[in-house]
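One chain is shown next in structure tokens, namely the form predicted alone.
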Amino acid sequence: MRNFKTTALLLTVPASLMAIGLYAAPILQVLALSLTEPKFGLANYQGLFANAAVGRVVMTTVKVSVMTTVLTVLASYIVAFAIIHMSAGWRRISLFLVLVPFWISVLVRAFSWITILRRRGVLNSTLMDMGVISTPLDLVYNLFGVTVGMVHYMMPFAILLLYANLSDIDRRIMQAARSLGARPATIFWRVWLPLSLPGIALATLFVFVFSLGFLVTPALLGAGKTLMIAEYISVQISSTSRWDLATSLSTMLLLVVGVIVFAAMRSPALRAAFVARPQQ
């Protein structure tokens, strides 16, 4: 048994070295640049708190991330809950449809939303032809468009996380509650929902952290009008060559994400998501 564990540990060495080379080394380089560009010190970090533009970008990022997280987890919970209660055949089909977006480029999905939401796009044209609206609605290149695109991108991840959690819930508990005279609404709110809190917590953490560093979808659907941290950092590097600002903001983002994950992992609900339940 000890030899097996040693062998398994040795097999992880190549992947660990690759992770260090591809992730740890660049992160350390970014940290070094943030402290030495243009001169050594913490002036870059002090400047972040005095920069009004950075403050606006941070507020936009938090707002979009929170909205994306709430809408994604809510919609994904409904879908995962429905899939759990389908027959085996329909469940396989539904899970296949959930996986389909993973095979489509994020660029294709973003441009598809632009086609649908633009002023002369599919949605506005349909609503105008039906007489619902007289002038096109501004549905893209703003906060609404960015949020729609991000929710669409995040939902497959959240659905799979929630589906895994909901699949582990022992149905006999529901049957026991039903046999005791509990109504369906009471069973859901008092039994099912509390048991699914670990999955909700995990999906919430994943979507929120992912949203904080999202680049492609906000850049395309926001068109610079809804500027988030990742796009702002990209602009500072590629357009203005402000490496001092870009690296210090990147480091702060990494630090904030680390603190959020560390604090979240201390939550009993989230820790329970990683505890295997006994087989039904």
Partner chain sequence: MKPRRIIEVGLPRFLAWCLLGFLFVPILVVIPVALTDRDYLSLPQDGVSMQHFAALADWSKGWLPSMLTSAGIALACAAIATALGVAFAVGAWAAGGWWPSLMRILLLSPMIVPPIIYAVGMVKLWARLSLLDSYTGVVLVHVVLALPLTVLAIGASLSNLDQRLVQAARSLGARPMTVFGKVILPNIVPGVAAGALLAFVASWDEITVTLFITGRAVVTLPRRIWTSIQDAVDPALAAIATVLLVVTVLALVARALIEHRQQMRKS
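Not measured: the values here are computed from a predicted model. Take the two forms, find the largest set of C-alpha atoms that superpose within 1.5 Å, and that set is the rigid core. Positions refer to the first chain, counted from 1.
The following text describes the form predicted together with the partner chain, which does not appear among the structures shown.
Q) So, in the predicted bound form, is residue 27 in contact with the partner chain at a 4.5 angstroms heavy atom limit? A) Flag for residue 27 set to yes.
**Q.** Close approach of residue 237 to the partner chain in the predicted bound form, 4.5 Å, heavy atom
**A.** Yes - in the predicted bound form, heavy atoms of residue 237 and the partner chain come within 4.5 Å of each other.
Q | Distance check, residue 215 to the partner chain in the predicted bound form, heavy atom within 4.5 Å | A | Looking in the predicted bound form, residue contacts with the partner chain include residue 215, since a heavy atom lies within 4.5 Å.
Q. So in the predicted bound form, does any heavy atom of residue 130 sit within 4.5 Å of the partner chain?
A. Residue 130: no, not in contact with the partner chain in the predicted bound form.
Q. Pick from 169, 182, 164, 116: which residue has any heavy atom within 4.5 angstroms of the partner chain in the predicted bound form?
A. Of the listed residues, the single hit is 116.
**Q.** Contact segment among 169 to 177, 130 to 138, 72 to 80, 190 to 198, judged by heavy atoms lying within 4.5 Å of the partner chain in the predicted bound form
**A.** The contacting stretch is 72 to 80.
Q. Taking the partner chain in the predicted bound form, which residues of 78 to 96 have any heavy atom within 4.5 Å of it?
A. Residues within 4.5 Å: 78, 79, 82, 85, 86, 90, 94, 96.
Q. Once the two forms are fit on the core, has residue 14 moved its CA by at least 2 Å between this form and the one not shown?
A. Residue 14 C-alpha, core-superposed: shift of 2 Å or more.
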